[in-house]
Every structure is written in C-alpha cells, then in structure tokens.
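What follows is a single chain, given as structure tokens, in the form predicted alone.
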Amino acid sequence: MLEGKHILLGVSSSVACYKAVELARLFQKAGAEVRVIMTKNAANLVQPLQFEAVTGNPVYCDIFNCRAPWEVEHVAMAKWGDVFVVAPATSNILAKMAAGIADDAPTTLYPAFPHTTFVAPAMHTEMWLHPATQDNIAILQKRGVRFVGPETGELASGDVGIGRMAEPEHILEAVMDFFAQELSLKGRCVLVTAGPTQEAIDPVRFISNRSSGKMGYAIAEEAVRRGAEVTLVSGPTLLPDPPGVTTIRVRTALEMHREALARAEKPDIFIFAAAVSDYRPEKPSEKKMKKTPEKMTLRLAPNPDIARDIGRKARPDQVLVGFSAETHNIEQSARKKMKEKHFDLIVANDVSSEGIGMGAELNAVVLLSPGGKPEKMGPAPKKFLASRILDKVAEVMNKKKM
C-alpha cells in the first residue's frame, strides 16, 4: 500500500518514543522509504542508531547536522517527503508547532513541509486535557493537521486514562487510508467551476464579487492528487493554473456557461464552486462612461444558471456538487437550491463572517445531501476542506456505481 511513498517520521521526547522504532519498521515493511527526524531529548531515550538500522537512512536530530546528505536539510527533506508523521507528539512539540516555533529538527521541518502532517499525541491525561493543549490542538486541526489518538490505557506514570500514544498499527492504518484516497477518483473525469465572473458596464468598469477562486482551485488540485482528469473553468483570479489541471480562463457568466455546457457530456463529477454573477448590464457601453451630476440607472439582465442547465440534462451516474454562499437562513436556502438544481451534495457557507469564506484563506461550511444530516466542517484551510468534500463526493460516486 505504501510502495514508493516517502515518509518523514518526527520523534519527540516521550517515553513512548520506543514505539516509533516499530512504527518505522511497519512503514518500511509496507513499502515506504522512511527518514527519521528527532529532537535531541528524544535521542536520549532511543538511540538514533536504532532508527538508522531499521530505515537504512541517517537520522536528522540537529539543525546543524553534517551527516545527512542534504545542504539545507529541513528544506530538502520537506521537498522529499510525501507525509510527515510526528509520533510520539508531546504537549511541548504540539505547542511549538501551533506557535510556529522552530528550535529543533522536527519543528524546523514542520513549517517548511507543504503536505499533510499527522501527529500521534502522547502525554499524561491532565496534560492532554489542559486548556492550553486543547487550544493548540484546535489551531493545528484548523491548519489541516490530522490527529491519530491518543488512546485510553496505562500511562508511563502507572495511571490509567487518555493520553497513551496510538499503537503503531493504528498509525500505519491512518496513513495507509490517507494514501488510499489518492486512488478514490482514479479514472474519473471532473469539471470544476471557480472564481468570480466580471460583467462589463463599460470598457473599464464591471459588476463582480469578492470571490478569490481559492476554494475551487483547491478542489481541482485535490481531485488531480486523487487520480482524476480535471478541467477547471475559471473566472478572473490572481491564482496560477493548478498543476495537472486543464484550465480554461473566462471572464463573463455567458462565457463560463458556454464553456461548461460544451463539456457537459464527459465529466463523472461536476463541482460548481464559481461565484457567478446573477445579472449583467443589459447594454454595456462601448466607450468609457463619463461622470455626470445626474443619477444613473443601470438596467440588468439575468445571466443563465450554469448548474441548473447542466442539472436538467445530467445522466443518473453523474455527480453534481453545488456551493451556496449565504448571509442568513443558510441551511434552508442551501436545501432549496439543492432541490431546484438536482445536486447530490451542496456546500453551504456563511459569507457574512470576517476571516472566512470569500477572499479568505479559511472557510467554514455545512455539507448537505438530500435527506442527510448536516455535516459542519471548519473553520479550516480551504485545501483541508477540499479533501473532506472530495471524501464525500467519492462516497456518493461509489453509491451510484452500486
């Protein structure tokens, strides 16, 4: 299951760090290549030589280490790794990761690592339940860090309670499940709409909205990671074309409508993440309009509804996912839209809140399906939410195949 994968294993100074040797062995046995990054205190509990014997690679436990074959170790390893697993993760290292403190090998690697990080906490029950630790956990979860455990059992102190590091087999299973997602959309064709549209008033002015396109682009990137063939029909954004994605740039709602409907036959999955302007100026001026003291009346015409038009013609095996940006009656409005447009899923979010939604790095959404219970997600980075949304999309796709 892990053949060809590169796993970075961070080890901090918990008594449970002896389990990390077994975890490294299990990763190797599953086909992965493992490189270990330790704190200096962890090296007092388990000798780096033990990890070197298991992995066949030098251990990185000093930010000034000269043994490793990389010039700038934490940057080179961050580029090399597919996933970063911190096990065991003490309350100290969780606090440093949450605060962005980089004063040892694992915490120097963490902010340089661009992919998914797992942590397997290990600490006494009172330390796990302390408000400071819980606040740090919440911060890391919002950033997309995945937690495995802790479990309830006998602790190093002899007490019994929550705080025991998850067993190596459970951590291995969590990582294997994560990589299995890469195959969840293999062979599927996905069409994503993203970004705003701009409706011209004259050659220099237009009607638009605050959408940055980040949510739709994150979904397109995640779908490619999972093996899909992805086409992105994007309104004007400042974002670069996602790697591996066929990107079609448009400006107006009419252009987006034309490009999306022209490709409506092939996709297995449609994800309508664009913030399409509902109206356009009926007769845009060919010349820049001059300012006058008089009031101006702008006559608007309705734009076509891309999602509704595709939904009317969709095959039973095609999955349609909509987005609903609302300021009030969020769930009620989203369910109405889901029914009208034949969506299998709809992602509703409150765009009236500061720091989330349109233009922001974070989002908080409610995922709805016909007859299903609402699933709240976030606030969290849009890339993290993209992964969770596509988990649900894969479930719907599998049900339609049955």
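In this text, the rigid core denotes the largest set of C-alpha atoms whose superposition between the two forms falls within 1.5 Å. Counting begins at 1, following the sequence as shown. Quantities reported herein were computed from a predicted structural model and do not represent experimental measurements.
Only in words, not in the display: the form predicted together with a small molecule, which the text now covers.
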Looking in the predicted complex, is the small molecule within 4.5 angstroms of a heavy atom from every one of Asn41, Asn92 and Met123?
yes
Using heavy atoms and a 4.5 Å limit, would one call Ser13 a contact residue for the small molecule in the predicted complex?
yes
Please tell me whether any heavy atom belonging to Asp268 falls inside 4.5 Å of a heavy atom of the small molecule, as the geometry stands in the predicted complex.
no
So, in the predicted complex, is Glu199 in contact with the small molecule at a 4.5 angstroms heavy atom limit?
no
Is it the case that Leu362, even though its partner is missing from this view, gets within 4.5 Å of the small molecule in the predicted complex, heavy atoms only?
no
Pick from Leu261, Met127, Leu254, Ile162: which has a non-hydrogen atom within 4.5 Å of the small molecule in the predicted complex?
Met127
State the residue from Leu45, Ala30, Val351, Val366 whose non-hydrogen atoms include one within 4.5 Å of the small molecule in the predicted complex.
Leu45
Sort through 176-184, 143-151, 84-92, 273-281 and report the only stretch with a non-hydrogen atom within 4.5 Å of the small molecule in the predicted complex.
84-92
Could you check whether the CA atom of Met127 moves 2 Å or more between the shown form and the other one, using the rigid core for the fit?
yes
Per-residue C-alpha change between the shown form and the other one, Ile162, threshold 2 Å, rigid core fit
yes
